[in-house]
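This document starts with one chain, in the form predicted on its own, laid out as structure tokens.
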Amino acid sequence: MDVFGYANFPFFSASARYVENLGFRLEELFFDSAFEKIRERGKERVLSAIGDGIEKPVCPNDRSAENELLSYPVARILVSCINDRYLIKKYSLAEAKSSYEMLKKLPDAGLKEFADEFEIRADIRERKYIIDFTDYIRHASAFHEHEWKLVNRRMNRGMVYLAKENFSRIMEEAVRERIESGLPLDVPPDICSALGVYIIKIREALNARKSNFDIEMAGEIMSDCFPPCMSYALSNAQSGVNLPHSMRFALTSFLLNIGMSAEGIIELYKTSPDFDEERTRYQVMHIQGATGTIYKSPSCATMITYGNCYGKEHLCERISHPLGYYRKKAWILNKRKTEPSKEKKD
């Protein structure tokens, strides 16, 4: 792989070795004015991850490719300085998704090199993409669509046969896992201070992004009245955790039942590693009643059956449905608000 390949796949171990051999101290990236453009690009990587995703620029020469490669460690340092769990997941996912677009364009030899980098036992030949079933399970377990279940794959002697697109998707998940597991880095305070101007911009974008969901929850919806199971599911969804299908259905139907917009729910799921807007929109609209049936969120008994009951507390003991919990908690909170004014009257 040459410098252009390293720029496209900066998380490769060979990419790190290439940077080490460039002949300057890594600290210069954060203090030297000669590297300001690289720091700016690192900031843009993170901002793009918070937004619509990281796009890889066309690098016309070795110098531009090196600059793009160097912006990757800068971005990782910026994310580490902020050390926000949501940002770490969002950034890791965005880097992985940008690599997926490049992966699909690689020849078979390049894909084999990629699999070897991540210690995925694979056999690629004559447009057949085959991986060991243990490696398939290790990475595909993050996907909850029906098609990714092992029983729905062709398997022979412990090897799983995939289309190139699905093989590349497995590689994307391996990338996401590597990047996320390596963050946050232990960054010296003086480096974070030197990057302060970039960190401020990223924090502003991050807070604005997080507030999008809060806006959707405004008005009649009382997020502090959510039952523990829904608070748990919502927190995971906002953090980019891939919810199981049963929990995703429960959360979606619950949010729709209490009045959240379909667009707000679709926006919420954009942080999921396996997010597909067309499919998500179809599922949300289906639950909302696009086909004539409006779905009610599952009862507590159903939540327990599917292993989706989390954080059970005393109020749950007297409630048989998450919507019942929501209404009861809202009634309790409203009653508390009126009590002080009643005492004043007396």
Partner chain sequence: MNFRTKQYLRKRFGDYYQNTKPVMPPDFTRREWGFIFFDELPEVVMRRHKAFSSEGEALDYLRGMVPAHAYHSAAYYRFPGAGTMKEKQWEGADLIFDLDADHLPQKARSYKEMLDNVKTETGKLLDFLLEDFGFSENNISVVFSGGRGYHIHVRDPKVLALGSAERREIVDYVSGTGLMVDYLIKSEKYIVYDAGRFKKKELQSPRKISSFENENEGFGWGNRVGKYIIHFMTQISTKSDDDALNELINLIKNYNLKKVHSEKIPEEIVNLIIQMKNENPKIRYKKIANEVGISEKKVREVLIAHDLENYALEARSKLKKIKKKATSSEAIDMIENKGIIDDPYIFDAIVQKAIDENSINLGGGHTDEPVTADIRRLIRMPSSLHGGSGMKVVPLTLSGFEKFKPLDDAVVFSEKEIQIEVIPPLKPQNSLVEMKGKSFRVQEGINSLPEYAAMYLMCRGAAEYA
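Treat the numbers as computed from the prediction; the structure is a model and nothing was measured. The term rigid core refers to the most C-alpha atoms you can superpose between the two forms while keeping them within 1.5 Å. Positions refer to the first chain, counted from 1.
In what follows, reference is made to the form predicted together with its partner chain, a form of this protein that is not presented.
A.B. asks: When its partner chain is placed as it is in the model of the complex, which of 95 to 103, 67 to 75, 239 to 247, 186 to 194 ends up with heavy atoms within 4.5 Å of it?
C.D. replies: Heavy-atom contact with the partner occurs in 239 to 247.
A.B. asks: Taking 4.5 Å between heavy atoms as the contact cutoff, choose which of 276, 108, 116, 132 touches its partner chain in the model of the complex.
C.D. replies: Going through each option in turn, the one that passes is 132.
A.B. asks: Its partner chain isn't shown here, but in the model of the complex which of 201, 128, 210, 85 has a heavy atom within 4.5 Å of it?
C.D. replies: None of the other options qualify; the answer is 128.
A.B. asks: Within a 4.5 Å heavy atom cut-off, is residue 156 in contact with its partner chain in the model of the complex?
C.D. replies: Because a heavy atom of residue 156 falls inside 4.5 Å of its partner chain in the model of the complex, the answer is yes.
A.B. asks: Tell me, yes or no, whether residue 306 is in contact with its partner chain in the model of the complex, where a contact means a heavy atom of each within 4.5 Å.
C.D. replies: Yes - in the model of the complex, heavy atoms of residue 306 and its partner chain come within 4.5 Å of each other.
A.B. asks: Residue 222 versus its partner chain, in the model of the complex: is there a non-hydrogen atom within 4.5 Å?
C.D. replies: Taking the distances in the model of the complex, the answer for residue 222 is no, it never comes within 4.5 Å of its partner chain.
A.B. asks: How about residue 181: is it within 4.5 Å of its partner chain in the model of the complex, going by heavy atoms?
C.D. replies: Contact with its partner chain, no.
A.B. asks: After the core is overlaid between this form and the one not shown, has the C-alpha of residue 41 moved by 2 angstroms or more?
C.D. replies: Residue 41: C-alpha displaced by less than 2 Å between this form and the one not shown.
A.B. asks: Cα of residue 247 displaced 2 Å or more between this form and the one not shown, core superposed?
C.D. replies: After core superposition, the displacement of the residue 247 C-alpha between this form and the one not shown reaches the 2 Å mark, so yes.
A.B. asks: Rigid core superposed, CA of residue 232 - does it shift 2 Å or more between this form and the one not shown?
C.D. replies: It does, since the residue 232 C-alpha is displaced 2 Å or more between this form and the one not shown after the core fit.
A.B. asks: Where do residue 150 and residue 305 end up in the model of the complex, Cα atoms closer or farther than shown, with a change of 3 Å or more?
C.D. replies: Nearer in the model of the complex, by 3 Å or more.
A.B. asks: How does the CA gap of residue 73 and residue 241 change in the model of the complex versus this form, closer or farther, if it moves 3 angstroms or more?
C.D. replies: Farther is correct, given that in the model of the complex the C-alpha spacing of residue 73 to residue 241 is increased by at least 3 Å.
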